[in-house]
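Given as structure tokens, the chain that follows is alone and in the form predicted on its own.
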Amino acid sequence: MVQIVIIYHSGYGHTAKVAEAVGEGARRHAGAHVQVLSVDALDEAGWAALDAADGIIFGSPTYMGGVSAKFKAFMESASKRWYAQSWKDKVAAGFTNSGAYSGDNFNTLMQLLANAMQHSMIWVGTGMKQPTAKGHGPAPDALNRLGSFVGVATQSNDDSPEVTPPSGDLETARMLGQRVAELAARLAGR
């Protein structure tokens, strides 16, 4: 059985919705044991799950062009694991949600990637091309609607998490979760 942990912060519920979608996707891989954890409720059992994971998927909203302060605090609280290289060779990936179509979400994904690289993890991108559309932008149900390769970028209008982010963004998140679970299982020989 491959162990996948999604660790995220969500200020208004949109990133939590994306985290759940990532978890749903990881569960598409037969034999995956998936935990979705919020940094707000991270306890010793959560840290143990992160340490035992074959793959960790990091998620944060994009606030002011980077990860949220609470997610940054989580990253810094993992410094003993960085020092010991406890997460070395685990599969890693990331996702973010922004209010604007860009919102500088690439910077957030790069922060997540740099954190994973410092832990000597193996980063996995979306593995998806961007959608193409003539004369207008991609529809809300388009996969990889925002055209991100390094990680999943989702966008939420200023509305409740019940209606945003759109279906294509959530399916893109599910596909990332599935990809990470499959690659982690392959690397673990399971």
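Since we're looking at a predicted model, the values are computed, not measured. Start at 1 with the first residue shown and count on from there.
The form predicted together with another copy of the chain exists for this protein as well; it is not shown, and the discussion that follows is about that form.
> Give a yes or no on whether every one of 64, 107 and 113 sits within 4.5 angstroms of another copy of the chain in the predicted bound form by heavy atom.
Judged in the predicted bound form, 64, 107 and 113 all sit within 4.5 Å of another copy of the chain.
> Even though another copy of the chain is not shown here, does residue 48 get within 4.5 Å of it in the predicted bound form, heavy atoms only?
No, residue 48 stays farther than 4.5 Å from another copy of the chain in the predicted bound form.
> Is residue 137 one of the residues lying within 4.5 Å of another copy of the chain in the predicted bound form, judged by heavy atom distances?
Contact with another copy of the chain, yes.
> So, in the predicted bound form, is residue 37 in contact with another copy of the chain at a 4.5 angstroms heavy atom limit?
Result no; residue 37 lies far from another copy of the chain in the predicted bound form.
> Although the partner isn't part of this model, could you tell me whether residue 132 comes within 4.5 Å of another copy of the chain in the predicted bound form, counting any heavy atom of the residue?
Looking in the predicted bound form, residue contacts with another copy of the chain include residue 132, since a heavy atom lies within 4.5 Å.
> Need the contact residues for 112 to 130: heavy atom within 4.5 Å of another copy of the chain in the predicted bound form, sequence order, or none if there are none.
Residues within 4.5 Å: 113, 114, 115, 117, 118, 119, 120, 121, 122, 123, 124, 125, 127, 128, 129, 130.
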